[in-house]
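The form predicted alone is given below as one chain in structure tokens.
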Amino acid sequence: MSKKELRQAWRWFGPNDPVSLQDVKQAGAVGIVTALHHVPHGEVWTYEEIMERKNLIEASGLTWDVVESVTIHEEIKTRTGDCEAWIEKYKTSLRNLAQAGLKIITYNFMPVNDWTRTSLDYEMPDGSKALYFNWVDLAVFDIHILQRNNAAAAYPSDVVAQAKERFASYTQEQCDQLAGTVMFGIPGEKKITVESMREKLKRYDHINADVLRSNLVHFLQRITPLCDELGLQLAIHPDDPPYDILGLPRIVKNMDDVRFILQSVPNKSNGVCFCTGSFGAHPGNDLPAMAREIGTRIHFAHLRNTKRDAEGNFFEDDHLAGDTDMYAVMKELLILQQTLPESIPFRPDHGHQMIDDLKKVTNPGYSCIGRLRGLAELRGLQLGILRNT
């Protein structure tokens, strides 16, 4: 009997993505990971719009494997205002996705900001460009540009001193660029301003990690019975980076956090998007051990690698380089895969801007050639492990 492989997928941001569906096919992926990014956060995804996107994907010879993501409204995260009405809208979207035959739903519970970096074009030794996170630059943004109340207290004194010196050396153009990078968000979605971020942060003035965890559990308790009934698989994405930032609590950073989420809401639909880049940016996370413990609750995987320095800054390295032992992680995922009836989809998460893509306008982290390289490396790694076990 042949051994089961993970399913090769590719994130695509819709018809305006510079990487076409034809490009995706040539890269070797068979499934698409996408969302209706034009729908405002929290509003209903109609069955008609879902099917329009699905039909477009299938017309190219690909399949829509994973929804990433159905974004959660901030009033659900804060459990304020029209929270219950937003949850009902979310449930309507889930019903419509299930009706369209979509089963894996990725989401995150990061307050205000999604993934956060301080540079989108960090130059690698080979001349390619990578995404980068630097604590001093984040402090420059937080203390001097955003001017969050008491922001300096969140950083070590040496970082505060370096941020003051660096801010003094930055031009207005550099400050604007840094702010735009920190607040970049998801390609295709509306950008926020410094002023709007200040307003959004105010909603979390009295929300600590315990309150945010409680709000997540409330949300999951309200939607998982429906997901169980519909046969959906929820996959929470870890925090990126896996640290409290901008005064906001992060509650999906490590195995303790994941264990709490899975034990608090044990429904079979409640699961994890195993992102090796997000979990791997924290030195305390043992990713192969995490994959073993989470086991069948891994509903989807993002495979990428990061390289940290002594201060905790990190850049996104080649998929088979960096601090995460990708061989060991892939081996654990493949051991798990042999126990499951359906293939776990994975995608090569992010990639360096390289070769001809250096001359093109691309979505940061989502240019074609860097991900093509990553997918090829990961496919080869998978085949090598399967042939030798």
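All of these numbers come straight from a predicted model, not from anything done at the bench. One rule holds for the numbers: they count along the sequence shown, beginning at 1.
Below: the form predicted in complex with ligand DNO, not depicted.
- Message: Does ligand DNO, in the predicted bound form, lie within 4.5 angstroms of each residue among His302, Arg347 and Tyr366, using heavy atoms as the measure?
- Response: Yes, the whole trio is in contact, each within 4.5 Å by some heavy atom.
- Choose from 328-336, 66-74, 355-363, 39-47 the stretch whose residues reach within 4.5 Å of ligand DNO in the predicted bound form, heavy atoms counted. Contact criterion met by 66-74 only.
- Message: in the predicted bound form, is there a heavy atom of ligand DNO that lies within 4.5 Å of any heavy atom of Arg371, even though the partner is absent here?
- Response: Arg371: no, not in contact with ligand DNO in the predicted bound form.
- Should His237 be counted as a contact of ligand DNO in the predicted bound form, where contact means heavy atoms within 4.5 Å? Close contact exists here: in the predicted bound form, His237 approaches ligand DNO to within 4.5 Å, heavy atoms only.
- May I ask you to state whether Phe315 is within 4.5 Å of ligand DNO in the predicted bound form, using heavy atom distances? No, Phe315 is distant from the partner.
- Query: Heavy atom to heavy atom, is Ile223 within 4.5 Å of ligand DNO in the predicted bound form?
  - Reply: Residue-level check for Ile223: no, no contact with ligand DNO.
- Query: Of these, Val265, Ile87, Ile186, Ala151, which has a heavy atom no more than 4.5 Å from ligand DNO in the predicted bound form?
  - Reply: Selected option: Ile186.
- Query: Though ligand DNO is not shown, can you say which of Phe167, Tyr122, Trp115, Tyr204 has a heavy atom within 4.5 Å of it in the predicted bound form?
  - Reply: Of the candidates Phe167, Tyr122, Trp115, Tyr204, Trp115 is the one lying within 4.5 Å of ligand DNO in the predicted bound form.
- Query: Heavy atom within 4.5 Å of ligand DNO in the predicted bound form: which residues of 101-132 qualify?
  - Reply: Those in contact are Thr106, Tyr107, Asn108, Met110, Asp114, Trp115.
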